[in-house]
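Listed next as structure tokens is one chain, alone, in the form predicted alone.
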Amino acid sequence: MDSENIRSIKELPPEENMQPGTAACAGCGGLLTLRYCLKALGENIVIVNAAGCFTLLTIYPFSPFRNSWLYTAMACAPAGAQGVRDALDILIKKGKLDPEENLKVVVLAGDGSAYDMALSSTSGAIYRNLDFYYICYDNEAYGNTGFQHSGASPFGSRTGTTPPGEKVPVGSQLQKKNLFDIWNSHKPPYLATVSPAYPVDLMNKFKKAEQFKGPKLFISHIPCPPGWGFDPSQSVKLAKLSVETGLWPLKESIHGEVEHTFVPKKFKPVEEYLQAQERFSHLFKPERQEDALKSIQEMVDEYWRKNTLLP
């Protein structure tokens, strides 16, 4: 991959490093993100896959990947990556692996793992400056076990364990964790948010990350048709709306210094994003929950004001 930035979707690499025909849900935004990530990373990688939706991609004897794949429990994928990295380094040191064949180590994890169960394991890996890539596909719940609430579930959303009712009509009362800031406090060499609706931005972030040795971390906001409640054909539209409304800022951090890579010229109202999903329908019917809707919009506005990108 050359060092020049990709300028349009026509310049994306034509090579596909993931085979079609997986067991993922129709319209899975995470699968589209993964396809772009593997285009950027190439075949010479070892994937360490934490338990989650993407565990379903590789079911013996079938696999969509062209590379090695290792399955771990939700809490320990970064520890597994440490073991793989150590083994590769020992083989190179003993002359049993050509340094030219050195493989990239890639952790693949959902938000349940990244935001909750494996947070301490990831913190340790960043602290040790482990040379690896970490990709979190964030669908804002435990997607493959009933869409239960996770640390990534947003305020006001309906999940399997936060159903709106008479006593709590708003659904989830908790705010989504800020994983970007948590990771960024470790000052890793490279950290970014990405979206399947912005593949050029995604690819260029991977190209930039290549120059750094150490943790290279990516969080992708991904629409989940069965969990969020929308037609699978609308996945990219939803992913784009989350960026256009300001809910999912596209940004990167190099050694702790944050810059936004895309700022909408005019922010769309958050309601446009919320109304397109069944998981937020209780905020609009049978009665509009004005306080909750106002709170969500104010939360987004406050973020952009704080970053001096909104008047």
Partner chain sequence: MAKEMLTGNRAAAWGVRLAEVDYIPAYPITPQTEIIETIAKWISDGEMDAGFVTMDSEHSMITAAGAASATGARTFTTTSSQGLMYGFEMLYTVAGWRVPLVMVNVSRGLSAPITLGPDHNDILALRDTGFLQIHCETCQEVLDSVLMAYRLAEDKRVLLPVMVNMDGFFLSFTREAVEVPDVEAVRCFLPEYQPEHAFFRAGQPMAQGVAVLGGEFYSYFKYQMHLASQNALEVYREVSDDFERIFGRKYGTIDEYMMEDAEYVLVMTNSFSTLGKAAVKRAREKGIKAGLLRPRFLRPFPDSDIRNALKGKKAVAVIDQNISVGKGGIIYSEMAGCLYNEENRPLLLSFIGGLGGKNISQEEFDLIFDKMIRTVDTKVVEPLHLLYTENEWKGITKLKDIAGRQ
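Residue numbers count along the first chain shown, from 1. Here the structure is a predicted model, which is why all the values come from computation and not from measurement.
As for the form predicted together with the partner chain, it is not shown, yet the points below apply to it.
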item: Interface segment, criterion being heavy atoms within 4.5 Å of the partner chain in the model of the complex, picked from 235 to 243, 171 to 179, 97 to 105, 222 to 230; value: 97 to 105
item: Selected contact from Val46, Leu247, Leu283, Leu41, since only one has a non-hydrogen atom within 4.5 angstroms of the partner chain in the model of the complex; value: Val46
item: Residue contact check: Ala26 to the partner chain in the model of the complex, 4.5 Å heavy atom; value: no
item: Interface membership of Lys268, the partner chain in the model of the complex, 4.5 Å heavy atom rule; value: no
item: Any non-hydrogen atom of Lys93 within 4.5 angstroms of the partner chain in the model of the complex; value: yes
item: Partner proximity in the model of the complex: Val200 to the partner chain, non-hydrogen atom cutoff 4.5 Å; value: no
item: In the model of the complex: members of 71 to 85 within 4.5 Å of the partner chain, any heavy atom; value: Tyr71, Thr72, Ala73, Ala75, Cys76, Ala79, Gly80, Gln82, Gly83, Val84
